[in-house]
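Below you will find one chain, with nothing else, as structure tokens; this is the form predicted alone, and questions on how it binds or moves follow later.
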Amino acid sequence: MTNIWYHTNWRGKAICLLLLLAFVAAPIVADRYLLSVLILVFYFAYLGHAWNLLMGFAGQLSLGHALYLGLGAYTATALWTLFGVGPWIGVFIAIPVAAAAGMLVGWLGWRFAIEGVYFALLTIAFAEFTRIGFDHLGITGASAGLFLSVSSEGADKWWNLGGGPLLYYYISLILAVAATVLVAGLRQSSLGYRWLAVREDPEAAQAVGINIFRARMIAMLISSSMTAVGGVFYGFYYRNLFPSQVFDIGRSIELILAPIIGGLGTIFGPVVGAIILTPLGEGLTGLMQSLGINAPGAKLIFYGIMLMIIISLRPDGVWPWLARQMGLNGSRK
């Protein structure tokens, strides 16, 4: 991260600092609705980083990342609902649960040389299998859903994520910033360069001594663990979970759009993609509600249209082009 910061020109540093300062100070002037939109921006930027690490850096297409999101969410919320274990402890249990699932998917895929679209189908299958299982798992409410209780003592305190939108705003901002710093550091590390070598030419990477299986498994471990943290945030922010929603393939597609639109394999692509896509999607939803139009799939159709436009006009994503237009160094980062 320090290497990237050092090689970024003064304009790029100034823009980063000004944006960060603006986000920190935004609650002073923002109303409740704007705060909720910004929370989603940071949330999808964070999840975009998690997925981009596996796909953009290691080159492994996953269309079932809702699996790790759902496992993280259900683990932490069930611990709170059933045993009163707070989210700050629950997250450390949710991470290994989701990571174990990710390692299993990765082991089955890469140990048996399942590549490309077949690996993507494997990730979808695991997410769908888990969704069906949770639909019939009574301890987590099955298909009727799991709801977080707010009646127990201490449930409304900040250490149990029981505060208002301001608390979730700063938590989501910290998650997004921390993920950006982490991914930037990994990108410039020896591990990051091994990922890129494996992504570009696995056979050549293996020929020079890179353990392809290990590199991919590490990427999956980090990516699934990060996604689990996002799942904990999701569960306590919305305070209800339904298997048909949290494990759905639509949830997986939703969290991969930001890095694709912003720029795969870049550090700031997921952030830029989330800043572009999320307000437009939420604005469309608000407009349709104000007009009394009930079309549940309209947002996904809108996302699909946006994706086609971006791919047609900017195949590398918005961030590389935007960085060049702004005269920033390291536009591919």
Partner chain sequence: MTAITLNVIVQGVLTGLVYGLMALGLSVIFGVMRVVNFAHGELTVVAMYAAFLLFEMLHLEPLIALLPIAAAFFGIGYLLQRTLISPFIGRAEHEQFILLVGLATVIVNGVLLIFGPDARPINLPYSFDSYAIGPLFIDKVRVLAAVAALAVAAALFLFFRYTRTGTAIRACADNLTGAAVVGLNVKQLYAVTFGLGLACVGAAGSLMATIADASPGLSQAYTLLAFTIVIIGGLGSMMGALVGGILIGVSEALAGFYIQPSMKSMFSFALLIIVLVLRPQGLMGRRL
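Residue numbers count along the first chain shown, from 1. It should be emphasised that the depicted structure is a prediction, and the values quoted were computed from it without experimental measurement.
Just so you know, the form predicted together with its partner chain exists too; it's not on screen, but the next bit is about it.
Heavy atoms within 4.5 Å of its partner chain in the predicted complex are found in one stretch of 80-88, 120-128, 93-101, 163-171, which is 120-128. The three marked residues, 112, 249 and 312, each reach its partner chain in the predicted complex, with a heavy atom inside 4.5 Å. With the partner removed from view, the residue among 108, 144, 178, 139 that has a non-hydrogen atom within 4.5 Å of its partner chain in the predicted complex turns out to be 108.
Listed residues 300, 280, 287, 26 were compared with its partner chain in the predicted complex; 300 is the one with a heavy atom within 4.5 Å. Taking the partner from elsewhere, residue 264 is found to have a heavy atom lying within 4.5 Å of its partner chain in the predicted complex.
Contact annotation for residue 222: none of its heavy atoms lies within 4.5 Å of its partner chain in the predicted complex. When its partner chain is considered in the predicted complex, residue 217 lies well away from it, no heavy atom lying within 4.5 Å. In the predicted complex, at least one heavy atom of residue 307 sits within 4.5 Å of a heavy atom of its partner chain. Taking its partner chain as positioned in the predicted complex, the residues of 253-282 that bring a heavy atom within 4.5 Å of it are, in sequence order, 253, 256, 257, 260, 264.
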